[in-house]
Ligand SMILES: Cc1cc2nc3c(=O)[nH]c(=O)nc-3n(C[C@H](O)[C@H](O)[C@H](O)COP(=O)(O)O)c2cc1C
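First comes one chain, alone, set out as structure tokens in the form predicted on its own.
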């Protein structure tokens, strides 16, 4: 079983390739919490690194997993450059559940959070030239049942950046804000949000609906990158169409939750 968390398709593309190569089913991590997966002999967890650690929403999803201590559990982290404490944190969380993390690795991909700092993630596409070799290595090692933890060390800097106060500050600054003047109420953002954090409500003018964000944002920026009207701002910056990103192997429909 491959469980993934993905906002703009990087982790989904990796999870799909792993699922196909290992002949395993695929499921969004957000849907797996509370589901009995104790009959699964192999569990893969694929998610991105946010500020050198787990995305804010992922720890709760991991805590809700019901998997067997006898399962072969592995993780592959997608990141702009460094996985930080992602693997170390996941290993600790699983250990508290009596689960051993058997294998870990990372895959470097374009950083979709670059948009929040005025940069263009589409200028990082050259990273994809290194992905096939890394995926070939990962798949080969997983098929062999490798018990190797790549990139699993502890980083003090990553730990400091992952403190709750820092996370709250990140969400406050980078959390998407809706510009009602641009929003057409199409509802794409409500369907792409993995946290069900966006709803459509009557606009102030009352003649159409507009997107409204809630208090459960995990700063994945899925809504920002998927909005056809560029109606979201992040970190006070307007969204430019040229800076919106989605993994080339993934279509918008692949990311819609309902």
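Since we're looking at a predicted model, the values are computed, not measured. Residue numbers count along the first chain shown, from 1.
Not pictured, yet referred to below: the form predicted together with this ligand.
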Check your understanding: What is the one choice in 227, 61, 219, 192 with a heavy atom within 4.5 Å of this ligand in the model of the complex?
Key -> 219
**Study point:** Heavy atom within 4.5 Å of this ligand in the model of the complex - residue from 82, 135, 178, 188
**Key:** 82
Review point. If you check in the model of the complex, is residue 44 within 4.5 Å of this ligand, heavy atoms only?
Key: no
Exercise for review: Give a yes/no on whether residue 111 approaches this ligand to within 4.5 Å in the model of the complex, heavy atoms considered.
Suggested key: yes
Review point. Should residue 7 be classed as touching this ligand in the model of the complex when contacts are defined as heavy atoms within 4.5 Å?
Key: yes
Review point. Can you check whether residue 87 is within 4.5 Å of this ligand in the model of the complex, heavy atom basis?
Key: no
Point to revise | this ligand in the model of the complex: contacting segment from 63 to 71, 49 to 57, 22 to 30, 36 to 44, heavy atom within 4.5 Å | key: 49 to 57
Review point. Though the partner is not shown here, which residues of 174 to 191 have a heavy atom within 4.5 Å of this ligand in the model of the complex?
Key: 174
